[in-house]
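To begin, one chain is listed below as structure tokens, in the form predicted on its own.
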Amino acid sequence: MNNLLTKHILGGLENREKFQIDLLEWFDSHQRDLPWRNNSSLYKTVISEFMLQQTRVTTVIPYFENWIEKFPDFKSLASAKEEEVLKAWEGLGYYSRARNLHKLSKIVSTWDSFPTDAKSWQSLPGIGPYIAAAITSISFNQTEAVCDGNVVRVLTRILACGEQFKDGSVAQKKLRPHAQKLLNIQRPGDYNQALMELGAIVCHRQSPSCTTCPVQVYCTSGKQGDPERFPVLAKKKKSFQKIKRFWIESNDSLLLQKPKEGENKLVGIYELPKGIELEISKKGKILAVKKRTIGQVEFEESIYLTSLTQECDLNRYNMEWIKWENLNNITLSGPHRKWIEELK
């Protein structure tokens, strides 16, 4: 792994410089028109990078635009209530990102000036090596190379790196030094965005557009005709879980539940109730069976129509009656809002 770049065509300085020029020229003329690139700012970069973690660009765009309108800077975000922040994030999932952004803004909004080094940014909530490199290279022109899933895919294909990685995080850690050696030091932020853009719109997971790739001449797997072999990631075992959910309504309300502190990352996010089998009068008929995958876990969630026993203590299960007209005012788990709209 250590000698991979040395033995490659990009091992020489002249070829590395040509590679950088070709990639940047392509980016200058082919980059997507994205809202965080228009009138770019440190704040926009931070928000977009948090939102783009494990989420598609097309999904992020409307959320980003609404977010900037609601919270235009660190101070407005810092002064917002957590309920407001989570509501603005509703549907994006991985709510710890929103909570970390909120915590980060409370810290950053007290600073007289912003640090420009990656190490300082990594000390903030929710920021690891990738986001720190993205922020400091894009906003402060620091020579910090990013290495996300797109970069891993591009580099392993260019280098025809056949090493099997335990997972994406390990691949990023091992390939980061190579990404650093290939970084353009005059335009590090643009170069980082260019490499990620290449992975997003040309070097796809399946059926990469090799014939339109601006750096195909440097790509070993592209020349070999087997780019989809890379990267080589160990297959993870998937697990399967069945969950019973309950649909309990009154004339004007629906019974919903919020996970308790310490139970999971959805604290403060409403869902259809579960785990209340002892408090229902009878299981009732199944209204729907919903399937979804989160990470390596496949969930099958059956939603039963039922009613509560008279002695049920709502507080014990963190449940609340929410009036139908107030459903749009609370923060619901994205899938649960969709299910409720379908079933009500």
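No experiment lies behind these values; they were computed from the predicted model shown. Position 1 is the first residue in the sequence shown; the rest follow in order.
The same protein also has a form predicted together with the DNA, omitted here; what follows describes it.
Mapping the unseen interface onto this chain, residue 186 falls outside it, with no heavy atom inside 4.5 Å of the DNA in the model of the complex. Among heavy atoms of residue 302, none comes within 4.5 Å of the DNA in the model of the complex. The DNA in the model of the complex comes within 4.5 Å of no heavy atom belonging to residue 217. The shortest heavy atom separation between residue 140 and the DNA in the model of the complex exceeds 4.5 Å.
Of the stretches 108-116, 72-80, 231-239, 187-195, only 231-239 has residues with a heavy atom within 4.5 Å of the DNA in the model of the complex. Taking a 4.5 Å heavy atom cutoff to the DNA in the model of the complex, the contact residue among 66, 53, 41, 31 is 53. A single residue from the set 221, 253, 257, 172 has any heavy atom within 4.5 angstroms of the DNA in the model of the complex; that residue is 172.
Along 193-219, a non-hydrogen atom within 4.5 Å of the DNA in the model of the complex is carried by 205, 206, 207, in order along the sequence.
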